[in-house]
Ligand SMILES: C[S@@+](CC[C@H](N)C(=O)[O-])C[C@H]1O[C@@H](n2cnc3c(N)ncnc32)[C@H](O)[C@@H]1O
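Take a look at this single chain, the form predicted on its own, given in structure tokens.
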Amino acid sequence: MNDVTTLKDTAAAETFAEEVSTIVNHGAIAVMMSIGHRLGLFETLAGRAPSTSQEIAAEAGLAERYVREWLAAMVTGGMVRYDAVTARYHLPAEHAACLVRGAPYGNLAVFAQHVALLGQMQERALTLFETGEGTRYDDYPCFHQIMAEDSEQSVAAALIDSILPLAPDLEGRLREGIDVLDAGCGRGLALIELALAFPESRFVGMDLCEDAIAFARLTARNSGLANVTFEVRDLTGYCEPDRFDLIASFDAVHDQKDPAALVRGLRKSLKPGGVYLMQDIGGSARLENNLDFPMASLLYAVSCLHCTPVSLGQGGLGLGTMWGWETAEATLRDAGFGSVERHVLPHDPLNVWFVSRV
């Protein structure tokens, strides 16, 4: 056993201990950010003049004592400013720019929810490490809600202006009317956005999870859409030859039971001239290449406690979130696509986008 009482570099040890303390503290801040996001407290504070905890709680319709303690965590975490003389709190516009829904820099508080969710999975994770077993999607509370929020700002909001132009012919074909599949659609927000924009096209969303599909169906119905349908379907072994002109998968392939088999089935399900649009995590398959990748530690943690066990729970390979753009690209080429193009979009540094053609 190493003797930690004998150190060659005590200064380095003390510096690292401070770094670890900071990490623990930041983890607590992330959980409190998640709570503030879900309660709409950042929206309550955004654009508001400096206010007391009583005023903020009243505006939000929440209990003041809890709001005051949350504000203290946000102040000491550097999120919110506090004037001790007036006992008033203020969210600077520069901070709100990445903390509220529809923020110009994206709502990063959405990702803080992953930290809170991972904490809820800790007890189950201890067992998984011992047994090597997997999990199911419905083991994760609020997972589809978090992913839908992420998709809404990184995919749905950018579909028309940034994503469809990756395949310049797609918008015209969609306006004329084609058949489209979203494979692993989750709550279906991206597909609904397309269905609203292109009423002449026909859209189908498929996902394994009943709760996500129920949400998608309700949203489509409330939007008055007649050109989109959603199906609860396990995509293992999926193949419907020559059915679709366009197939999309948004952050859905890496945690499938057999990603390579799914991609092969999707290629066969495309008509001649069909396009497969695939978004996935843009990290590398090689750990050493991800040292400076945005939020790499969070992505590996999500992989460890969600994407890998979900795949293993289906009897899959457990490739994980960070299976790598190299693996994704090789999977597409091995599936027999005639061309495969890789793109990284300025608004979405975490993901890679592939446009593959039959």
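Numbers follow the displayed sequence, beginning with 1. Since we're looking at a predicted model, the values are computed, not measured.
Below: the form predicted together with this ligand, not depicted.
- At a distance threshold of 4.5 angstroms between non-hydrogen atoms, Ile247 is out of contact with this ligand in the model of the complex.
- At a distance threshold of 4.5 angstroms between non-hydrogen atoms, Asp234 is in contact with this ligand in the model of the complex.
- This ligand in the model of the complex comes within 4.5 Å of a heavy atom belonging to His144.
- This ligand is not drawn, but in the model of the complex it has a heavy atom within 4.5 Å of Gln314.
- For the residues Ser151, Ser269, Asn107, Gln113, the 4.5 Å heavy atom test against this ligand in the model of the complex is passed only by Ser151.
- This chain is displayed alone, yet in the model of the complex one of Phe215, Phe198, Tyr89, Tyr137 has a heavy atom within 4.5 Å of this ligand; that residue is Tyr137.
- Relative to this ligand in the model of the complex, residues Cys185, Leu208 and Asp251 are all within 4.5 Å by at least one heavy atom.
- Look at 126-134, 79-87, 172-180, 200-208: in the model of the complex, residues with non-hydrogen atoms within 4.5 angstroms of this ligand sit in 200-208.
- Of all the residues from 252-275, those having a non-hydrogen atom no more than 4.5 Å from this ligand in the model of the complex are Ala252, Asp255, Gln256.
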